[in-house]
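Here's a solo chain for you in structure tokens, the form predicted on its own.
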Amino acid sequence: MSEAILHGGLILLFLAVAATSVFTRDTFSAITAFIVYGLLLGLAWVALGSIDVALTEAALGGGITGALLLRAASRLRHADHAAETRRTGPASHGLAALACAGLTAALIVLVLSLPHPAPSLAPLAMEALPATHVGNPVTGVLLAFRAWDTFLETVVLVLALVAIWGLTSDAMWGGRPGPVQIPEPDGNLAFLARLLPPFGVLIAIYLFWVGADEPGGKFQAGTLLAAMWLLTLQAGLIDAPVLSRLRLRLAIVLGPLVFAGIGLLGLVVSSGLFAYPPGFVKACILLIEAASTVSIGVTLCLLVLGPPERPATP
């Protein structure tokens, strides 16, 4: 009974936060509600026992995505004040509400029409998991049973960053992203930027290392590294990197390159593409996770910073 009350309260809170994000006219309030919604989704996944998904949702859905939206809202506020004053009419609002209601009804019908129990490949995946020497079934599925899809996800992140860099003017190409942050040595942000990163880096290393056998992994660890980097940048303790530096670009593509290299190695020493060498499956997975953690952290941070706005030298 108490569990049902808890879940019911969580659903009502979901609806309230979602309605706030949709119906509020203030951009900052809408984004704040969206971030809270992402964090609540993390709690929902915890209630369902999916800790890996909860960590990813909290980090990406509530964290990095919220930061990207805040960055976009800040740029749009200064870009076009005239567009901000234009409001859509009640007809447009009605059509949007009708479309959302139709989509919601279709999803409800789809979920209710699923067979019970739903067909699942989970038993086969768990049966084959010991061959990977990995204890976390999520990591086993992502990096052994559907490694091709996971590899493409790492490539998509790099392509998204290239697309953002494509918005750069010719004069600023290869420069520094974001405005100059004026540090406040005695401010709260500077204090947090000095206090939290050492702990954040240690937690990120822990999440990466235990990800093979417990909830965690490269996306959670990489997102935490990106957050710590962004914190020090926002506090003005360090400046944004020069995007033309070779080391930075190598860090961006390190994960996909290592992933692709180990995948191609399977054609030579094993049974096919992304087929890891027998006896070295866990070692290959850990190597891919380590390289991808670095690439994800660097890429997510640069995605939030946006295209270069300043030359490489002051």
Partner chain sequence: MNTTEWFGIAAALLIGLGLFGVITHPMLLRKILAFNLVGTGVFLLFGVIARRGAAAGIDGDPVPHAFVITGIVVAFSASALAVTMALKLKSDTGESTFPDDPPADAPDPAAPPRP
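The structure presented is a predicted model; accordingly, all values stated were derived computationally and were not measured. Numbering follows the first chain given and starts at 1.
Keep in mind the form predicted in complex with its partner chain is missing from the figure; the text below concerns it.
- Contact with its partner chain in the predicted bound form, judged by any heavy atom within 4.5 Å, is made by just one of 202, 195, 73, 238: 73.
- A heavy atom within 4.5 Å of its partner chain in the predicted bound form is found for exactly one of 210, 242, 164, 231: 164.
- Put simply, residue 8 is close to its partner chain in the predicted bound form: some heavy atom of it is within 4.5 Å.
- In the predicted bound form, its partner chain sits within 4.5 Å of a heavy atom belonging to residue 304.
- Proximity of residue 91 to its partner chain in the predicted bound form: non-hydrogen atoms within 4.5 Å are absent; the residue sits far from the partner.
- Interface membership of residue 178, defined by any non-hydrogen atom within 4.5 Å of its partner chain in the predicted bound form, is ruled out.
- Contacts between 22-60 and its partner chain, taken as any heavy atom within 4.5 Å in the predicted bound form, involve 22, 23, 24, 25, 26, 27, 30, 31, 34, 37, 41, 44, 45, 47, 48, 49, 50, 52, 53, 56, 57, 60.
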